[in-house]
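Here we start with a single chain on its own, the form predicted alone, put down as structure tokens.
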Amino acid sequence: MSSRILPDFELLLPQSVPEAVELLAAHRDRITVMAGGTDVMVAMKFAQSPAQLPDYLMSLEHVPGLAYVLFDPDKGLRIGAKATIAELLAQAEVKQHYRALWNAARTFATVQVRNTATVLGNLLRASPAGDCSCAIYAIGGTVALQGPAGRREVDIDDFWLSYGVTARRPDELAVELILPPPAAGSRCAFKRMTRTNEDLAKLNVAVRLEMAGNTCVDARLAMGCVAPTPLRLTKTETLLKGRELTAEVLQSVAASVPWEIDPIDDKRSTAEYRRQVSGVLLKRAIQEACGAA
């Protein structure tokens, strides 16, 4: 348990989404939003300078109507801003139709953290190691943001701008994530490498394939811990589209990955190791999605 003490801040407790947006518009960069708080509390305790600390902390605890995980076969999956990782795991439709996300959530930290951390919080953290972020990037979808001018939806492909930075404006509240309905022949998988499940990943990967028999019609491939943000492997995707997934094709896909990533050395791994194993991990995820592993 950390012995560090939280710095002083003013706690704001809005009672509705419009009130939360008003507070964001009034305080902008001086305010931090908290839903589960598992990342926010750590960041505040370990801030390196006063400039990194917010003057105001706005909790969504009393804002109703944001703790939902709803599936519609025609419209897809909707996840509210206060929906926790545990609540996501409790939905049978997530396991059935969004297996990559379900597996990412299943290996997410500890039981205690899963009961508190939120799915949208993992996206908003904008960490390249985010497991749910990686899975969602492969699946595709949009993040709904509510601001003074109304609601707008940002495609997940445009959501992460740099390390720790998203497309959310200071006066906007992220209210929900929308994932597309599962297409016919759609298959997905998620895999990660780490010392223990409780640790952040040293490498993670997620795939979504649309298959017609053994031929890949479309593909989305995402990888984490290899760039400042979660990375979509668009060049490698082209090696799959319209191709039968033979051993030769999978080998060319694995060989392509190290040329598309830009990993670094850090506490959990080295750049060289990540380059060496990245293609192998992606190949295994594709095989798992297709039922071969």
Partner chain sequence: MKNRDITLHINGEECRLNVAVNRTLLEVLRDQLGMTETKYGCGTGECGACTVLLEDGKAINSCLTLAATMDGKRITTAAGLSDFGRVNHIQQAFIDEAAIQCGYCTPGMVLKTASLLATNRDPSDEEIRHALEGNICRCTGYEKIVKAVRKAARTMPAPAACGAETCTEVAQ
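Please read all numbers here as calculations on a predicted model, not as lab measurements. Numbering follows the first chain given and starts at 1.
The protein also exists as the form predicted together with its partner chain; that form is not presented, and the subsequent description refers to it.
Look at 162 to 170, 216 to 224, 129 to 137, 111 to 119: in the predicted complex, residues with non-hydrogen atoms within 4.5 angstroms of its partner chain sit in 111 to 119. In the predicted complex, its partner chain lies farther than 4.5 Å from every heavy atom of residue 33.
The closest non-hydrogen atom of residue 197 lies within 4.5 Å of its partner chain in the predicted complex. Contact between residue 106 and its partner chain in the predicted complex is found at the 4.5 Å heavy atom cutoff. When contacts are judged by a 4.5 Å heavy atom cut-off, residue 13 counts as touching its partner chain in the predicted complex.
For the three marked residues, 70, 78 and 142, no heavy atom of any sits within 4.5 Å of its partner chain in the predicted complex. This chain is drawn without its partner chain; in the predicted complex, the residue among 62, 28, 235, 241 with a heavy atom within 4.5 Å of it is 62. This chain is displayed alone, yet in the predicted complex one of 255, 42, 264, 247 has a heavy atom within 4.5 Å of its partner chain; that residue is 42. If you take 4 to 27 and check each residue for a heavy atom within 4.5 Å of its partner chain in the predicted complex, you get 4, 5, 6, 7, 8, 9, 10, 11, 13, in sequence order.
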